[in-house]
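The chain below stands alone and is given as structure tokens, in the form predicted alone.
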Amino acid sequence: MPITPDCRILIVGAGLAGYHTARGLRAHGHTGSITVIGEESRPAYDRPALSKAYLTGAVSEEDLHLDDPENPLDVTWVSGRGVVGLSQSPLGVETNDGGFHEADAVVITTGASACTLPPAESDSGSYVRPYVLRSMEDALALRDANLYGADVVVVGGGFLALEAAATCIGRGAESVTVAAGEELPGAKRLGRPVGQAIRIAHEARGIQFAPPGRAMGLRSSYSGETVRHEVVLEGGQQLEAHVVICAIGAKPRTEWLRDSGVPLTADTSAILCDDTGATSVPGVYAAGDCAQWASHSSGLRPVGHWQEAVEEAGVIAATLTGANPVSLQEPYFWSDQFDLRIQGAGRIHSADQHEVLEGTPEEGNLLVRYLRDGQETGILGINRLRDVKCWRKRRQIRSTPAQQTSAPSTGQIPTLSR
């Protein structure tokens, strides 16, 4: 529901979705105050490079900042403050310093926190939390770790895990083992040929893959000041390492909303929204990794993509300002692993069939299309930038006042990295 141009808007979360919501509001002419509360004590930044170029030092923290220092957004940034509660009357949020921030509309973009491995049942009490890659602090900790000559185990088979594994090889690790939970990483989501191509490329550069089996826990021990880890897999197999990186998914950061009246999903505690980002609480909206829109719930769209967060922010900005409805485009994700540029577009998650159009896993140049009930729903290319670009251009949805914000499809919803 549109608000007046001078209304106060509070955005809780200074990540990708929060920043683009604020940017969209100003672009649509909102003149009222916009306050963005962020838990981290740093400017809003982009996250994809955290597992790649930032870890290698190829880009700096400043390179990842979303706001343009020469043309900054006209917003009030409140950094280093966590939120502890939401009030419906008056509408606003309480922060962990005892402050209360009142607003006419609240947009929640708190994102998600990384899941991690628990201590193994036989751990002696010396458990050391593995590295994760969700925030700048996480990436800084891993960047500062000495990987030269180290044995590294990466737990997870998604793009984030595979990107981290590739980066570790580049930083001089003695060995890198990926515990993907399946023989071919990504095959369950993207098809066997894609999983083969990824595994072949990584093994050619020295990365090993653990036998299929879910990682159950982590055991740590000390020898002097040196810590050693054992990742325990199903069946009892153990993977020894100096460094363990965990990339097994994330959970919405919504624990502060449990008694707020904002509806959350039973399985992940994501915020339930319609396809304008509105919740059932008047004046409260949500976007990004903390939210489950109606099109996610029904299987129309996947969750966890970079593009999804940006487009949802645009929808909310248009909704609040009364601008023409914004159409969500076909889902899109990408990943850079060694010299592989993997791009996927469309509703790959809903497919029940896939076909290799060109290329082979061995050559690392696959072009794969995805179908449901015989109808094409998506495309994936490995080093096929032009083909994927052309496919996306053909499927582009033009925004008009009469259009809705989601496209029809069916299927279950996996979580991809980008």
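Quick note: we count residues from 1 along the sequence shown, nothing fancier. Treat the numbers as computed from the prediction; the structure is a model and nothing was measured.
Omitted from view is the form predicted together with a small molecule, to which the following refers.
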| property | result |
| --- | --- |
| Option touching the small molecule, based on a heavy atom within 4.5 Å in the model of the complex, out of V106, V83, L300, L147 | V83 |
| Residue among I379, I34, I37, I382 with a heavy atom within 4.5 Å of the small molecule in the model of the complex | I37 |
| Per-stretch contact check against the small molecule in the model of the complex, the hit in 126-134, 321-329, 175-183, 234-242 (non-hydrogen atom, 4.5 angstroms) | 126-134 |
| 4.5 Å heavy atom contact, R47 and the small molecule in the model of the complex | yes |
| 4.5 angstroms heavy atom contact with the small molecule in the model of the complex for R219 | no |
| Interface membership of G304, the small molecule in the model of the complex, 4.5 Å heavy atom rule | yes |
| Interface membership of G92, the small molecule in the model of the complex, 4.5 Å heavy atom rule | no |
| Every residue of V154, R189 and Q343 near the small molecule in the model of the complex, heavy atom within 4.5 Å | no |
